[in-house]
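Single chain ahead, by itself, as structure tokens, in the form predicted on its own.
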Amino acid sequence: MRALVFQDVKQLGCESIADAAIVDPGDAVVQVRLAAVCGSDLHIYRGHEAGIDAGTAMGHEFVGEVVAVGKDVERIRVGDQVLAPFTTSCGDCFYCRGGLTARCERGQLFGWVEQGEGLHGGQAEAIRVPMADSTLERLPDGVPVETALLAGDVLSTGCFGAERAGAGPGATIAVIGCGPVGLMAVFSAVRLGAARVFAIDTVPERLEQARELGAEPVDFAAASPPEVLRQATHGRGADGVVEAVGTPQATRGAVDLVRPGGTIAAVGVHNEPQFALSPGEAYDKNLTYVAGRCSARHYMDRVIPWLRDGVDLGGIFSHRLSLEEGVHAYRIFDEKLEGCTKVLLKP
């Protein structure tokens, strides 16, 4: 089968790899209908996360049709149209029972093979899904497939961040970074009832999308976000900040935006060796700082009902390309070319 594979830092290729197949009795094989390029894929592409084997199929956002199941699979059937979170989960361990499916004792990340162990990703013609009954979910009826795909990662992560930042009735929430996760955090904060949501970025296309989703956009190249927030909150600052970038500069920005006693929810993937704020700063401002990988399988159950209301989030995708155009897709997404906000790949 054809797949978009990692070769080296900033080097991908569309190549033939071994067909996806049943390995364990709880597996399913999904023929990929659509895959997407995620911001966290860029961490591998740029070499910020090292250790992945050359030849690994990239990607962890996909939807498709089940074409084979192992003998122990009961809930998922051949012919089902399904979506998946970015990690597998058993649904029954200590962490899964508590909703922390991202830390399942048997879970694995799609699109990461290291020293021969791991799972290939969904930017391919097909993909093997272990623990299929507890990992996969059927596509919801009446929901556009592109919108449904988002529930497996960026929408779940956006909801996770907004919820942990305290989005709710009366709250003022700031979102730093209007990439796909940030935009979905805006959507989620509005959906959760936040009174005001401020979206902070410099890319005009992203700021306009944030406005369409219900945010008040702030171009930090043209205005001071802390000053904007202070003016909007009688000098206090945001009740909560979703940091959706994953850089020390974004952390510093969050500290400057949040009010005393507020919460910073970091959903951007950080690779730096230490925090950009000191314990003393957190103490002096009575901050709550929360971080971690979203338990997307758990949050899928939260966000899918939102999508049944006729919501169409397909506008987040600026490009729809073939799998063979995947190398170009990564380049324009990485370098923010051609007004690229997010890319769909069609095997």
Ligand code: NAD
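When you see a residue number, it is the position in the sequence shown, counting from 1. None of these values were measured; they are calculated from a predicted model.
Unshown form predicted in complex with nicotinamide-adenine-dinucleotide; subsequent notes refer to it.
Looking at 130-138, 114-122, 268-276, 165-173, the stretch with residues near nicotinamide-adenine-dinucleotide in the predicted bound form, meaning non-hydrogen atoms within 4.5 angstroms, turns out to be 268-276. Although the partner is absent from this view, V143 stays clear of nicotinamide-adenine-dinucleotide in the predicted bound form, with no non-hydrogen atom inside 4.5 angstroms. Contact check for G315: every heavy atom lies farther than 4.5 Å from nicotinamide-adenine-dinucleotide in the predicted bound form. For V181, a non-hydrogen atom is located within 4.5 Å of nicotinamide-adenine-dinucleotide in the predicted bound form, even though that partner is not displayed. Interface membership of R302, defined by any non-hydrogen atom within 4.5 Å of nicotinamide-adenine-dinucleotide in the predicted bound form, is ruled out.
Annotated contacts: A21, C90 and P347 are all free of nicotinamide-adenine-dinucleotide in the predicted bound form [non-hydrogen atom within 4.5 angstroms].
Comment: nicotinamide-adenine-dinucleotide is not present in this chain, but in the predicted bound form one of R259, R206, R196, R191 has a heavy atom within 4.5 Å of it, namely R206. Scanning L307, C294, L34, V69 against nicotinamide-adenine-dinucleotide in the predicted bound form with a 4.5 Å heavy atom cut-off leaves one residue, C294. Using a 4.5 Å cut-off on any heavy atom, the residues of 42-81 that reach nicotinamide-adenine-dinucleotide in the predicted bound form are, in sequence order, L42, H43.
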